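Okay, so here's just one chain, in structure tokens, the form predicted alone.
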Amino acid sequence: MSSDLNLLFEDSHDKTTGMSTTSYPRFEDCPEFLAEEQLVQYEDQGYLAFENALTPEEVKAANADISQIIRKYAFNDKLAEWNLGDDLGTNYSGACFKKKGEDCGFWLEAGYEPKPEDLDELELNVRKLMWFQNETPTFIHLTQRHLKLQGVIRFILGTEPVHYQTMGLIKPPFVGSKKPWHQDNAYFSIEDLNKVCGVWVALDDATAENGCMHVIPGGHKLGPLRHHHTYDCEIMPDRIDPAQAVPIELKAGGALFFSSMLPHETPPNRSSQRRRAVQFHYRSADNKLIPKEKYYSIFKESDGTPATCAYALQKNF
């Protein structure tokens, strides 16, 4: 029996013979309250995945609001500041548009040159949004009041969750840059490493072809792993075995809840369809924010080497 207690299997059939040919994972519907065995699975594997965390109406509203935010700030001199990027060839070298005086903003794929007269094309080349949780009623609801998302997070953390980070993670068709293997705690500065949880919500069907999340089950037990910066912040290649990874394919509205110690990645989008997702992070109410200098002494490998990605912390990605 699979160790993934919330994982079911659904047969596909040959259209000619009607015989079962392959099986693929089908996750249970997202609950508002976790069962004890689901908590045990989370502690053992470092993640839980569910379908139907969001309704189709909530998915539609979230996608519409992402589009609204992009179009609101793109080339808007009154509301936003921007730079058109550089040619350094990293995931962060594309054009960036940010709301004046705030962290809310979005980044485009490196190498794409946006044009104010073609916002449709610009929107199709967005790769990341950040700190937009207060921009629309939809995202206020999803990050603060959603019964299923908040309910599962509350069970995992064992106390009232405190919202910590918001991202929109988008992979344009045939591009969708790879996000390499990393632990999210490499970006953070929170005292208790095990009391930080992320939820990644698919807003389009997420598949292995278009860049769904890949995780290393149980990898959160490896402790902090040293990160370095190449084209992005990533775990040193000799710290993990990617052959142990499993793809978490989800239909639109599905959600992956995962420890911020869990190594994970998303490969490039090799399909003709855009893949949109949002990701929210929470810390337990009693988990303190600490100075980055102190965090270096906590998020470290067994020999005392700091494991954080210093470049990412400096840039506040």
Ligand SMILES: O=C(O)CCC(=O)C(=O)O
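Remember, predicted model here, so these are calculated numbers, not experimental data. When you see a residue number, it is the position in the sequence shown, counting from 1.
This protein has a second form, the form predicted together with the ligand, left out of what is shown; the following refers to that one.
Only one of K99, K195, H146, K179 lies close to the ligand in the model of the complex, with a heavy atom inside 4.5 Å, and it is K179. Proximity to the ligand in the model of the complex, taken as a non-hydrogen atom within 4.5 angstroms, holds for one residue of C233, A202, M213, V152, which is M213. Screening 259-267, 31-39, 49-57, 287-295 for residues having heavy atoms within 4.5 Å of the ligand in the model of the complex returns a single hit, 259-267. When contacts are judged by a 4.5 Å heavy atom cut-off, I190 does not count as touching the ligand in the model of the complex. Contact annotation: Q279 falls within 4.5 Å of the ligand in the model of the complex, judged by heavy atom distances. Although the partner is absent from this view, K171 contacts the ligand in the model of the complex, with a non-hydrogen atom inside 4.5 angstroms. Interface membership of D184, defined by any non-hydrogen atom within 4.5 Å of the ligand in the model of the complex, is confirmed. Contact with the ligand in the model of the complex holds for all three of R127, M167 and R275, each having a heavy atom within 4.5 Å.
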